[in-house]
Every structure is written in structure tokens, then in C-alpha cells.
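Single chain ahead, by itself, as C-alpha cells, in the form predicted alone.
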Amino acid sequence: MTSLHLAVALDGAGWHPAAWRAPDARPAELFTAGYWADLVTEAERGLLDFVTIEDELALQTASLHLPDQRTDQVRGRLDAVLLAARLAPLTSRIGLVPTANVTHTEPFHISTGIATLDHASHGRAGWRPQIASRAADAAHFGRRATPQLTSEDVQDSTLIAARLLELFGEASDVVETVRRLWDSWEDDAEIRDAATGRFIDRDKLHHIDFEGDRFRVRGPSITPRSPQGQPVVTSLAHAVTPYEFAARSVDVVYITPHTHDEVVTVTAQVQEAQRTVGRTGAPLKVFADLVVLLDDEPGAAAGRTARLDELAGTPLTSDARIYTGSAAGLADLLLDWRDAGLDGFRLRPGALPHDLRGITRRLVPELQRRGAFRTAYTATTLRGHLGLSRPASRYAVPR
């Protein structure tokens, strides 16, 4: 049986808007390093491939396209890249994949931040590039305007992608620039020979000379080539345009099917996107996202969800399928969808830490019992967990 990959998406108190009011939630600790350390070490205890850490350039809202003034939900977060760097020395195997915005953040700064995380974690860094889908975010920077989604747009992921088409093009340029910067130091550019006084070999540092429609970057990076060479890049996608962005630019894509048949349909669209953009090298890894609320007692997860819904004043909704039930039932679903063409899953715990523990202490043992998940880490880097080779610098020349 082919082993599957498992990741968790960490966000505040969990993906249910009322999760911070659950009896075992820790709302007073959301902005402490200790809270996040507990979550990530729990994920590593479960042998998961990686965690993702959400981020945005504006306060969270209940709407995809507009800010709100609600005071009954979690608002505010820590910087994801800086938080991941804090968590790196507290863990030893699990991958750390922060989100970083590519619409308003300079690619040079992203490249150094993620490369530094890769150094700090000894090869466990990843990155989720995210475009700014809310026009109001631009006001925090005052440098440019971005498209305003309408209420009609947000009902259809294809309309969203069409409205944000230029930003997806820019995002591709940003990822390409970041990858070039990561390659701009050859692996052996650092000599560190105190006797001769030569610290670096200047011939092994390269200008990258990226020139696109929106920006120009010359390089080289200020950060030496990191342990993975290129940290793993991931993205979330719901329509053809972001599927093509993923096929062109990233290593792992998260999709949001709701049924087995949709897994078949969407994975076929992702494969078509790879053909359309002429992807070369390793095929795109395809993970499905699911929101999960787990309890083994019959009806307990549904009851807990109903209580959270009552606190929120509305039923939980999501772009991803919402699973409430036992770990054994979730294992059935994951293996059924895996057989439809997926490489793995990114699970979004409904409430933290409750549902993360459900994943690590009940789901993982159930999958291990079925021979579908690792019983120990067999690699030390995130690329190693995912079976991805370490790329050579594109600028290195045989000498």
C-alpha cells in the first residue's frame, strides 16, 4: 500500500470561527510562542510531514473580499515567517511552511526570510505564496491599488481567478525571482579559509537579472544557499488559473474537492494545467484540504460542532469539505480519496488543540494500523519527507 502524506494547517484557535470559545481552547495564549510550540511539537509527535501557518496583511474577516468590524471572532495574528523561525529550534523533523504575501511584499525579502528559515531549521522550510484577494489590504502600504472583488465574484472561484488574473501573473514572477535568488549562491561559494583570508568565492555568486512587467531584481541574494537548495513551495487553488499558477511555480498544491468524484475531476484539471504550462521536472504533489472535527464517541463531533455553531450564530462553512466524526471514519475517507489520485492531505483542525490531538493521537495510529502512514521519520528535510530531490543551482557550472 502506498503511504500518504499528512500536513496540518494551523490558524489561530482553529478553523471554526467560535473555536476560541471552546472549553479546552487557549485564547489567552494565541499570541505566545509557547502556544504555537505546543501545537507544532504535537504535530511532530504525530510524524506529520509539515505544518502550514496562515498569515495575511490585514485583520481576519468573515468575508473573503471585504473587511469587517466583528468583535466576536479572533482578530490579529503573529507574523508567520518569524513565528516559524522561532519554532525551528524547538523541533527537529517536521516541515515548517509559513504563508507570505506576494502582492505587497518584495520578493527579495521573501527569498531571504524563507532561506533563513531553511538554515534555522536545517532543511525543513517551505513557503506558501499568497496573493492579496482583498483590495482594502493595499491601504496598509499605499503604493498601489488591487482589484476589488464583488459579492457576485466570491460565489464562483472562476470569477475570482478572472478578477485576480494579473495578480496570479505577478505571483508567478515573484516565485520565479525568489527561486533564482535561492540559486544565486552556488553550494560551495563559501570558502571560509582563514589562512588565505578568503571567505567567499566571488565567481560563485551570480546576478539573477530578473526583468518582468512589474519589477526588476538583479541579486545576488544576501543569504547563502540553504540546506534544501530551494525550500518547498506550496499553494492553495480552486480554479484553472490558480491550477496553472501551481503547475508553473510550486511543488505542492492544495485542492478542495468535496467528493470522490470531484477528486477525480480536479486532479485531472491539475494534470491538464501541468501540460498547458509545460511543467518539467517532478510532477506537482496534490493534497486535498479538509476541515476536521474529530471525536471517537458516536455523535460527539457533530454535537461539538453544533455547540460551536450556536456560539458563532451560524453553521460552519468552508471552501473545503467539513468532516465531523471518528478518526476511523476519516481514515476511510482519506484512503478512498488517496486511491482517486491524491498524494496527501492538509487537514484544517476545527478547534485547537482538540482536533490536532485527534489527528496525531487517533487518526495517525489508525492509518499506521492500516499500513498507510509512516511509523518513524525516514528523512531529515521537508524535501526528503515528500520524496523530492534537492535541485542544483541553475547557475552552477562544471569546473
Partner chain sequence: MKQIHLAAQLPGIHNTTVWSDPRSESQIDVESFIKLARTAERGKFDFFFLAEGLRLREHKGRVHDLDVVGRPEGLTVLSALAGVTTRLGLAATVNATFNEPYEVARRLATLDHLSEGRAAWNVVTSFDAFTGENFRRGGFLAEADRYTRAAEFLATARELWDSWGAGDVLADRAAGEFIRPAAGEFTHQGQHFDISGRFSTPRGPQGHPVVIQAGESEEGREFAAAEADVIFSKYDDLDQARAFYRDVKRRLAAYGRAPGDLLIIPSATYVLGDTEEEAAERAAAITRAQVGPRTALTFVEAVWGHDLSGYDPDGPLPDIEPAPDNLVLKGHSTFRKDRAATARRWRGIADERKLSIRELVIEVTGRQTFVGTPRTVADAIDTFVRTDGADGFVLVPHLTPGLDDFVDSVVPLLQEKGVFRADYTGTTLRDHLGLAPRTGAPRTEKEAS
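Quick caveat: nothing in here was measured; it's all calculated off a predicted structure. Positions refer to the first chain, counted from 1.
Although not depicted, the form predicted together with its partner chain is the subject of the following passage.
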property: Contact residue in the model of the complex, from 290, 120, 164, 312 (heavy atom within 4.5 Å of its partner chain); result: 120
property: Option touching its partner chain, based on a heavy atom within 4.5 Å in the model of the complex, out of 223, 172, 271, 324; result: 223
property: 59, 70 and 140 all contacting its partner chain in the model of the complex, non-hydrogen atom within 4.5 Å; result: yes
property: Contact stretch among 243-251, 156-164, 292-300, 192-200 - heavy atom within 4.5 Å of its partner chain in the model of the complex; result: 192-200
property: Its partner chain contact at residue 76 in the model of the complex, heavy atom, 4.5 Å; result: yes
property: Close approach of residue 386 to its partner chain in the model of the complex, 4.5 Å, heavy atom; result: no
property: Residue contact check: residue 306 to its partner chain in the model of the complex, 4.5 Å heavy atom; result: no
property: Its partner chain contact at residue 106 in the model of the complex, heavy atom, 4.5 Å; result: yes
property: Contacts with its partner chain in the model of the complex - residues in 22-55 whose heavy atoms fall within 4.5 Å; result: 22, 23, 24, 25, 26, 27, 28, 30, 31, 33, 55
